[in-house]
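Encoded as structure tokens, the following chain is the form predicted alone, with no partner shown.
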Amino acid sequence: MTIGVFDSGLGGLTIVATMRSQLPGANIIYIADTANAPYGEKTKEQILNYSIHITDYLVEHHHIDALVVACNTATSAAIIELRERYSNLIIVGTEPGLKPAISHSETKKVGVLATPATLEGEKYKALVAMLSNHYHVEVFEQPCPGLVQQIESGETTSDKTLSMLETWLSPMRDHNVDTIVLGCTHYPLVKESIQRVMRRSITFIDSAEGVTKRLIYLLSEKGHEFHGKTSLHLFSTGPIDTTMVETILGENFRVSVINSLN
């Protein structure tokens, strides 16, 4: 089986790392759309357009059986349209893990770090309202403009990144937040820095495990079997930090640049 995965940059590789360990025999094609990054500061129409072009490319050139939208922002903007256009594909999106965060939180005070576009999504807002009322939890939302760029540049522990996180996280620290939802696939790469700024033990909720489990379930329903060697091919639409690729995946991978998605 061939699985297409895309994100605006390197963040989706945090999901790919989990997929590689749990999907033996899969052929994974990953596209980092660095030419258009970051998605979190683009309009919904732009993100939808990028998502359609990438999916067309994966279908036409790699004949994928499944698609993972490894980006919270793209999921919010494009998942409905993608499922309508490619009804024969298994499509799994990525959404902030609010429900598991609430179940893990002892203080019932949960933080959500995400891009502005994710936090403004209608589906996300409805989920927060429903869960907040039902579970009597207080949710502290924080958009993180510029954090994706810091991570893409390998600045995960730099003074500038720590200063940004201090500004965003100090209200959560003051209100005794004990669980933080990493609402962008890039953000697991700054867990260490977040922990440092919060100055207490924090439970982190990210999407990698949940997305992989959902994908395995849907592939199994279609009769796919999981055995053999997993292969991974990485592509980008623009410049990419290969050192960070190695940091995420634990080994060196060659990244091919796609000059056109047509």
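As the structure is a computational prediction, the values presented were derived from the model and not from experiment. Position 1 is the first residue in the sequence shown; the rest follow in order.
The form predicted in complex with a small molecule is left out here; the points below concern that form.
Contact annotation: Cys184 falls within 4.5 Å of the small molecule in the predicted bound form, judged by heavy atom distances. Although the partner is absent here, Val148 lies within 4.5 Å of the small molecule in the predicted bound form, judged by heavy atoms. With the partner omitted here, the stretch from 153 to 161, 77 to 85, 100 to 108, 185 to 193 that lies within 4.5 Å of the small molecule by heavy atoms in the predicted bound form is 185 to 193.
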